[in-house]
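Okay, so we've got a single protein chain in two different forms coming up as structure tokens, structure 1 first and structure 2 after it.
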Structure 1
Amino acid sequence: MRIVVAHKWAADPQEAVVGADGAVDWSRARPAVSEYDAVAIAVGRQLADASGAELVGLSVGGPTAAAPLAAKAALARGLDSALIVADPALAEADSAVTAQVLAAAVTELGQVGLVLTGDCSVDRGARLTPAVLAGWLDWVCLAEVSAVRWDPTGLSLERESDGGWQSLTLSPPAVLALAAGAVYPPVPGMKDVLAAARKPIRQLDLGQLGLELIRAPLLLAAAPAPAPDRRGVVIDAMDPALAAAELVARLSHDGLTWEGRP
């Protein structure tokens, strides 16, 4: 059996810069394996060790997804091998398209009994891909999974639900989205990084998958950020009485009373 971990090589939004006009500058945001994906890989490693399964990393995206650093960064976290679907048509893929390609790649791999994902993708954060992926595969999907244990009779797991927690027993195949706090993934050491360079990597494009993408209608709209109404007036407060009088005078000039009402 194979256990697949779907992960994404994407820019870290914490390093993006928002300009005064509201535009987001991604030029300084470095791509990485997100902390959500690292959780899924760590849980996958535990399950693979307990079941004797092969742990395969699966990444879908534009040409940057095939960068050597992208594959090695994921492999260093404990994957046995990697499958990358990189195609220019996937550079701006939404959740629906990403899920469709992931499903095709899982089918291409064969003998997959479990697909793990992080809580959400680091760049979009829509939390839709696991459910849509399960729909394409016709598998069960469970989100907010906080703990998973391998058992010869199936999977024992816990997940958060409205109003409490659920303890479930599940038979594969299934798609599980791991909660962000399911485990604390270890930081790869130098030994892990060196070992990643020797692990097998397979790369495909959409043509090799024989896939015709189904794109959902997408409407994009943009609005300029409102200009801040700040005049930058500084009142000298060395003399509190004079400062208070100047403040009242300025408020009165703007049509406001001392109580702040017109």
Structure 2
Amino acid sequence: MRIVVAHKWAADPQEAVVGADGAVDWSRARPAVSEYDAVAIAVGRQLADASGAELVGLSVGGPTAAAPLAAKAALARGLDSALIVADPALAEADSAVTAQVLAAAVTELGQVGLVLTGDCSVDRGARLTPAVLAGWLDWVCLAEVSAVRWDPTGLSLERESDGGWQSLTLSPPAVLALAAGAVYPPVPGMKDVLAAARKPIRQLDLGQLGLELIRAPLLLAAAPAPAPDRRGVVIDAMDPALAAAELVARLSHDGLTWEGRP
């Protein structure tokens, strides 16, 4: 059996700069394996070790996804091999398009019992890809999975969300999106980094996958940040006690203190 981890080579948001107008400048953000995907790879490694499955990384994207660094950075986190689908047509792929390509690649790989994903992609964060992928594959999909255990009869899962906690059993195949805190992914060790260079990487484009996209990707035109509500009030701080009293009075007036609350 194969366990696939779908991961994205995406710009690291920690290196993005948010301007005063709320616009995000991604130009200096270098791509990386996101912390969400690192969780999926770490859980995948545990399941593959428990089940004897091969752990395959699958990444879909534009030409940058084809950089050897992209595959090696994911392989160093514990994958056994990598399949990259890189095509200029996928440079701006949205969740629906990405899921369609992932589904075709999973089918091409064959013998896949489980697809794991991170909680969301770091750059878009739509949280749609796992569900649409499961739709294409006609498999079960569960998100916010906080723990997975492999046993010979199937998988036992835990899901935790604001709404509560669930314990489930499941027979593969399935698509599982791991909660961000499911495990603390280990930092790739030096031996893992060197081993990654020797692991197999296979690369395909859309033509080789024999795939026609359902439609052109949906492009994000703008995502304006909500304007901060600034009053521009300056409190004279010459007398700290008076200044503090005025600050408290203004906050109470706006209902921002506990005073008078039930």
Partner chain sequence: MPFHLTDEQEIVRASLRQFAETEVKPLAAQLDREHRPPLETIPKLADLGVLGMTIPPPYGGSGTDYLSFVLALEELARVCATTAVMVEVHASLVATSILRFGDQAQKTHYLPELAAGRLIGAFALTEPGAGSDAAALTTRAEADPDGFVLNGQKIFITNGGFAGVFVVLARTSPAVGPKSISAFLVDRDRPGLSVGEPERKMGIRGSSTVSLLFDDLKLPRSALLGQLGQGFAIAMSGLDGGRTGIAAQALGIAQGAYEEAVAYAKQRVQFGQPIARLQAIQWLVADMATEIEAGRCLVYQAADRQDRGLPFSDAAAKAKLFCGPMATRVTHSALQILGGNGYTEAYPVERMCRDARITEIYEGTNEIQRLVIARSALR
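What you are looking at is a predicted structure, and each value in this text was computed from that prediction instead of being measured. Every residue number counts along structure 1's sequence, beginning with 1. Rigid core (definition): largest C-alpha set, two forms, superposition within 1.5 Å.
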(request) Identify which of the two structures, 1 or 2, is the form predicted in complex with the partner chain. (result) 2
(request) For residue 161, decide whether the Cα shift between structures 1 and 2 is 2 Å or greater, given a superposition on the rigid core. (result) yes
(message) Once the core is aligned, does residue 237 move its Cα by at least 2 Å between structures 1 and 2?
(response) yes
(request) Fit the two forms on their core, then tell me the C-alpha shift of residue 21 between structures 1 and 2 in angstrom. (result) 5.2
(message) Relative to the superposed core, report the C-alpha shift of residue 250 between structures 1 and 2 in angstrom.
(response) 19.0
